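Just the one chain here, laid out as structure tokens, in the form predicted alone.
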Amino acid sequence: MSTDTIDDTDRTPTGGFAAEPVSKVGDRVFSGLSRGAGIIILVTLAGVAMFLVWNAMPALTASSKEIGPGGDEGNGKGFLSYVGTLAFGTVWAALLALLIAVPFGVAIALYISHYAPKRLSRTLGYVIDLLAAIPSVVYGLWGIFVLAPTMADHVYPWFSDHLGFVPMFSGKVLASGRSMATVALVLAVMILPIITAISREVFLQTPRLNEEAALALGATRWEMIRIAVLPYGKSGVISGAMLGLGRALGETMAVALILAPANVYSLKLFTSQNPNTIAANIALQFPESTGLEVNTLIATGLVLFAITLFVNLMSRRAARGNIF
């Protein structure tokens, strides 16, 4: 009867036996794919930036009289003046949408995650996520034919009559309702699913022990949310808000369909004097543009690219808590 011998060299320092070496092929493949995906993203981003800069150079170096409204007649005001009102309108519309959407998004996320019954919360979650699947052109048509007339007839006049002393609510209400206020409302509905979905998932990840500890100390449900849930989910809410802001900054068709634009700086929400956005202006002007006009539109796209990049960088810093 033979016996197997055990080599003591197979023993570990603690007296056990070394485990069989695990194959690293899967790890290497996954690491290579991940690295390749990251490189592709960086190359694509660099390619887009180079395309925008290269094609924007003729507009950036052109004479001020050749750029802007009336440029063909030599009455242009220069690229900075031309893009200034567009950049202002882009940021203004996006900030208004964010101001409306964030409180509603956080409130809906809290209701789904901590207040609603399980079956209702699941249904509401599906409905909110479905809003993100609706095409922007559908939102634009809804804004023109439903939201704008309704708000112009019943809501905007009330704000103008009772809060007209505030510059934003002053001025004559545009009868069609195709004003900056309607654009802000439509954009708020469009970015609401992003903010709600991210906030909801972060709130659901709050450690159960933290919530139970707050309740055990006598806190009400709202106090528990304020003490345990909101601080834990702050970075997620900020990230969702910044992603929504990025969506609002680049939205094209809904704004182009709804807004009655003018090349002005204006904070008024209900009047006919509404600054246009960069994306909507490109969509409206590009089909009929030639020569230097195309370069000018691409240059405005470069400005939008820079604004979006800046927003994303600030959102990453804000999510880490070191924005300042």
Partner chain sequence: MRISSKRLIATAIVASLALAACGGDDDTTPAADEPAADGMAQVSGTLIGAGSSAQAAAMAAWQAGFQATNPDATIEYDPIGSGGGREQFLAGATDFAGSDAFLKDEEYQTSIDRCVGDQGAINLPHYISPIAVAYNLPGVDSLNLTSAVIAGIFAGTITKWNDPAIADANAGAVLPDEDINPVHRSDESGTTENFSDYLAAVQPDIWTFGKVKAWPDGIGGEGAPQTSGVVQALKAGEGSIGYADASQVGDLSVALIGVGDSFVAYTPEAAAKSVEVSNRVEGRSPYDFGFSLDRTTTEAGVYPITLVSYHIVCLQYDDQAKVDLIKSFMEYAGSEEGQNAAAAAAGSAPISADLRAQLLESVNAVTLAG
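Numbering follows the first chain given and starts at 1. Values in this document were obtained by computation on a predicted structure and should not be read as measured data.
Quick note: we don't show the form predicted in complex with the partner chain, though the next part is all about it.
A single residue from the set 80, 99, 166, 175 has any heavy atom within 4.5 angstroms of the partner chain in the predicted complex; that residue is 175.
Residue 259 belongs to the set of residues with a heavy atom inside 4.5 Å of the partner chain in the predicted complex. For the chain shown alone, residue 144 is a contact residue for the partner chain in the predicted complex, at least one non-hydrogen atom being within 4.5 angstroms. A residue is said to contact a partner when one of its heavy atoms sits within 4.5 Å of a partner heavy atom; residue 266 fails this definition for the partner chain in the predicted complex, lying far away. Shown without its partner, the chain has 256, 257, 259, 260, 261, 263, 272, 273, 284, 285, 287, 288, 289, 290 in segment 256 to 290 as residues with a non-hydrogen atom within 4.5 angstroms of the partner chain in the predicted complex.
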